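Take a look at this single chain in structure tokens; it is the form predicted alone.
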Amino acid sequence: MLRKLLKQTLRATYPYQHFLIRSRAEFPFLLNALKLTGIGAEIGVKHGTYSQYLLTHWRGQKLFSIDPYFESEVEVEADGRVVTQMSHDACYARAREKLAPFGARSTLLREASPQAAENFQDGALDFCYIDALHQFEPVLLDMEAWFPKIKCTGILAGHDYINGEWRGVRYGVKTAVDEFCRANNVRAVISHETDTPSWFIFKSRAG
């Protein structure tokens, strides 16, 4: 009961300030409070679990869930082995199954992130949430590709604001986000998870 009351109290502040975001589980409620309920995108879908969560709790019109689902040397398992094409195909099938109940509100695009971004006009999206490759260069490329696609009041966000080794993968998300913020004169709000926090850039605060 107390936890529910604290959530409700926190969410009541979303239209006025965004300095405290408990976890990425709060993201759809933040979007609703800010009336960012048009078109959104998630980059890096895997099984579709977070896209499913967003579509369940976000009141938006349309979510594009974007993932190439192809074998690549830079995407590895915890033991260092490259994720096989068979595994990618299985993830794609699972994501399709999870997102199918949302009908026209959900579009699953099997396409690489930078190429997919070219299909959207600048300012077309209310938000974009990046959770794809976690090395420095891919994260920075994703941010540079999708930031222009966000409307002036929208949010560019993503998962795993950390550096270093995590479950066998080398992460450079924190460095990429920090560098992007310096280059674009924006600030990232970091969620309060202790292990893999999310980051949120409010485009309205740019400049």
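We number the residues from 1 along the sequence you see. On a predicted model such as this, the values are computed, not experimentally measured, just so you know.
There is another form of this protein, the form predicted together with a small molecule, and it is not shown here; the text below is about that form.
Undergrad: Of 173, 55, 143, 45, which residue is found within 4.5 angstroms of the small molecule in the predicted bound form when only non-hydrogen atoms are counted?
TA: Only one listed residue qualifies here, and that residue is 45.
Undergrad: Which of 66, 157, 150, 31 has a heavy atom within 4.5 Å of the small molecule in the predicted bound form?
TA: Answer to the contact question: 66.
Undergrad: Is there a heavy atom of residue 49 no more than 4.5 Å from a heavy atom of the small molecule in the predicted bound form?
TA: Yes - in the predicted bound form, heavy atoms of residue 49 and the small molecule come within 4.5 Å of each other.
Undergrad: Is it the case that residue 126, even though its partner is missing from this view, gets within 4.5 Å of the small molecule in the predicted bound form, heavy atoms only?
TA: Contact check for residue 126: no, nothing within 4.5 Å of the small molecule in the predicted bound form.
Undergrad: Contact between residue 106 and the small molecule in the predicted bound form at 4.5 Å, heavy atoms?
TA: Residue-level check for residue 106: no, no contact with the small molecule.
Undergrad: Do residue 112 and the small molecule share at least one heavy atom pair within 4.5 Å in the predicted bound form?
TA: It does: once the small molecule is placed as it appears in the predicted bound form, residue 112 has a heavy atom within 4.5 Å of it.
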